[in-house]
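Next comes just one chain, in structure tokens: the form predicted alone.
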Amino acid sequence: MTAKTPRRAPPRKPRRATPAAAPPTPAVGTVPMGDGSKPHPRLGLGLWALGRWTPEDEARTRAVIGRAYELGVRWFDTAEVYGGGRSERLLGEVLDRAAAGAPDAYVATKVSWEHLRPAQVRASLIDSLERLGRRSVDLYLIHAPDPRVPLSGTLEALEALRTEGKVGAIGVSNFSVEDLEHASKELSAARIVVNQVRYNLFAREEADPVRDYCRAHGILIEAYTPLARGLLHGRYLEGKGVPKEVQQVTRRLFEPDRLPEILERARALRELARSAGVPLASIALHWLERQGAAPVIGMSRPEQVDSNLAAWAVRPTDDVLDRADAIARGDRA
């Protein structure tokens, strides 16, 4: 398959090699990696939406990234396909302007499912590093498997990049248990330390088996859509319609035959949060943490950074999390 050549931004001079990370921010914390690579923050900012806006929105995009870094977020998750590389470029520009070039940032990006042949993997990473303005990334993920491309060649290329110091750790995204088992057999000198999957209180059928496998093999689950596109932050609970764009990217969550029941359960979760004196998002985020997952949250405005970090700072009791789990599953007993 011939890789498409993305429009490339003017190259910026990469900074010197990233020095050792500063001590972790207590409000977020980190998880040690099984391969001895840089500790992984427990909470991160996902830049999927931030790479899909018009040029007029770039100021807000920069403000979100800047606010997140200012308040202690260090994990930034992007990908070459987000905005055709624009997300990486904006992230690189903001971090470059941070104090000392943000040496303590944990930068993760992904190679597209369209670029999994060995030569494409290397070319994609070089392009990503140029856009990010960095000599290396802390974590490089396969965005999704491509059944037409053997994983053996992809993983061999990733191991070589890790040996060269361009990649701190290797991860995957949207991998099933079968995919993970296959991938683990193809690695020789490295290991997969992360699998990023869709995971929240209402989306768990596919993630739970993956979670169990990852727990048994020391692989960290990164949970995207942890707040179910805002539903677990209280959005859509007062009669506001769900935009078509959101419906298209959430699979069955907002489909007409399921939505009324989901909204009923979400309102019950909101009442539980109110009675417990915690934000609804606190329940959603710390339920994931208890599953051994690290939530990566999409935030499109600086005030959302503030509210999500405030939610993270409050941990509900185990009893509240147990009740939330039962409500989300539809068990009212």
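Keep in mind that what you see is a predicted model, and the values were worked out from it rather than measured. Each residue number is its position in the shown sequence, starting from 1.
Not on display, but discussed next: the form predicted in complex with a small molecule.
S.K.: Out of 160-168, 257-265, 147-155, 76-84, where are the residues with a heavy atom within 4.5 Å of the small molecule in the predicted bound form?
M.R.: Stretch with heavy atoms near the partner: 76-84.
S.K.: Using the partner position in the predicted bound form, report whether Gly46 sits within 4.5 Å of the small molecule, counting heavy atoms only.
M.R.: Contact with the small molecule, yes.
S.K.: If we define contact as a non-hydrogen atom of the residue within 4.5 angstroms of the partner, is Ser136 a contact of the small molecule in the predicted bound form?
M.R.: Close contact is absent here: in the predicted bound form, Ser136 is far from the small molecule, nothing within 4.5 Å, heavy atoms only.
S.K.: Taking any heavy atom pair closer than or equal to 4.5 Å as contact, tell me whether Pro226 reaches the small molecule in the predicted bound form.
M.R.: Contact with the small molecule, yes.
S.K.: Is Ile297 near the small molecule? Define near as a heavy atom within 4.5 Å, in the predicted bound form.
M.R.: Yes.
S.K.: Of the options Arg274, Arg290, Arg301, Arg62, which one has a non-hydrogen atom that comes within 4.5 Å of the small molecule in the predicted bound form?
M.R.: Partner contact (heavy atom, 4.5 Å) among the options: Arg301.
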